[in-house]
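The chain below stands alone, shown as structure tokens; this is the form predicted alone.
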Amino acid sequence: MSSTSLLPKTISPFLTTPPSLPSTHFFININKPCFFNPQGQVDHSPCSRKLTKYSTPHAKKWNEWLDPFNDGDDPDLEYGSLFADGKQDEDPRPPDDPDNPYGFLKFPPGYAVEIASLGSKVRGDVRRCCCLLSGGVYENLLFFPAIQLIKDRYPGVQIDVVATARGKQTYEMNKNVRWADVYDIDQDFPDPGEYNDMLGVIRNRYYDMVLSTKLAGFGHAAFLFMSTARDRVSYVYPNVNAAGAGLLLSETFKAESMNLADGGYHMYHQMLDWLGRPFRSVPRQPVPPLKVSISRRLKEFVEEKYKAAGAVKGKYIVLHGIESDSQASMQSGSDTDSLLPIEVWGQIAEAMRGFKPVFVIPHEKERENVEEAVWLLLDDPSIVFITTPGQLAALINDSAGVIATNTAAIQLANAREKPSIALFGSEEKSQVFIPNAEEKKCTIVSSKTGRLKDIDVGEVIKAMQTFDLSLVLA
């Protein structure tokens, strides 16, 4: 009897032996179950929990917390599986149930548990993805390119978002998000009831991948681990507070500072680089630009607002960034010096010619302050009360341009391709938050002293020529 006949044909559900395999080439790795392709070559990919990365000169090493001896891919390894190439296919939609008012796909998760195919496991397909986002409106708005990248990389994926109460309002402008839930992950000591409730919601939706932009320590990593998602991806602290978090996460990114928002427009570049990584026959996915969508109903609602204030569509300039203590100012979490006193805005509005200035206030208590400050400069000032980013985007969409400080208004103007003038406290901040400003039809005006309130109004008035030029080109 030959030595090969003594080997069992099936050692485990993940391990099979071809009939022609010599005994001298039979290896079992208890840490990495292996699979033999029809050519008799060992292939670990179908049953490994983590997908093999594409070999690049600057490829990131595996999570050293999970496998300290893994140095990356074997460049000579050949993949023989028929299910390992290409992007995932979008699931065909089953016909709706005529007797069910909610449709066939509207059953609660877990009602009819699905069984994923082997090809889905090998490729690492993502059918359901959850994004836990830290910060306010500004930080959630800058995550829009990442959501679009996930949608392009995994066709048919369903994306849900968990954000703060202010951050959730942003997703009325994103058609790629299925559900948006309110939960403040930035709390150091969350309420036990809310904590357990949100954990139960995430577990019951059976996510394949969970992304988090909160700097994770062991506590937040444990929350992601208990979500039971296959891929748990998060930023971690750049100091000793990250100890142990890597044991519970599939992929980690070490933040460059304690405040992730210090990265400006590219604050999520590490996560975007990982999401768009090339994989076997799938090339690198390019990062899309920031885009927002506005519903017709929202446009009509905002149009009534600015018409009541005396503005005409296409013939007004939006002024955003009035000094206020309201949370609806939509500032960046890393730039606290991004609001101007109303007296400075009055000087800018007085010099405006050909367009009507529209002051955006974040709270009704500011209306009286604006009227008192500009009543000598303007006969009939137009004041619009806007609190949500969707309404602000609709107001900007119907305008001729925007003059704003470093708030969400300047990013919304770039997303809707409107000419804008951005006011910053320093030149360094402008380069971080608005890279390639000329391509975005954005004129930068920065303060020479490093304080926004010392900005030169004369330079702002000179920059207003961009609105006249854009009107001629239009």
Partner chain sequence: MAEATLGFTITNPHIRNSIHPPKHDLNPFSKSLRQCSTSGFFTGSHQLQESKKKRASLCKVNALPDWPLMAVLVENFNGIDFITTKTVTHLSDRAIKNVYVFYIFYTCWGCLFFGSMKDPYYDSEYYRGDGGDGTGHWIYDKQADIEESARRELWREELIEEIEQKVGSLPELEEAGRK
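Residue numbers count along the first chain shown, from 1. Note that the structure is a prediction, hence the values are computed from the model and not measured.
Beyond what is shown, the protein has a form predicted in complex with the partner chain; the following relates to that form.
J.: Identify which of 261, 373, 180, 290 has a heavy atom within 4.5 Å of the partner chain in the predicted complex; exactly one of them does.
T.: For this set of options, the contacting one is 180.
J.: Name the single residue among 315, 254, 284, 175 that comes within 4.5 Å of the partner chain in the predicted complex, judging by heavy atoms.
T.: Going through each option in turn, the one that passes is 175.
J.: Pick from 294 to 302, 268 to 276, 212 to 220, 120 to 128: which stretch has non-hydrogen atoms within 4.5 Å of the partner chain in the predicted complex?
T.: That would be 294 to 302.
J.: Can you tell me if residue 230 lies within 4.5 angstroms of the partner chain in the predicted complex, counting non-hydrogen atoms only?
T.: Heavy-atom contact with the partner chain at 4.5 Å: absent for residue 230.
J.: Please determine whether residue 207 contacts the partner chain in the predicted complex, using a 4.5 Å cut-off between heavy atoms.
T.: Result no; residue 207 lies far from the partner chain in the predicted complex.
J.: Hey, in the predicted complex, does residue 363 get a heavy atom within 4.5 angstroms of the partner chain?
T.: Outside the cut-off, so no.
J.: Consider residue 171 of the chain shown here, and say whether it contacts the partner chain in the predicted complex, taking contact as heavy atoms within 4.5 Å.
T.: Flag for residue 171 set to yes.
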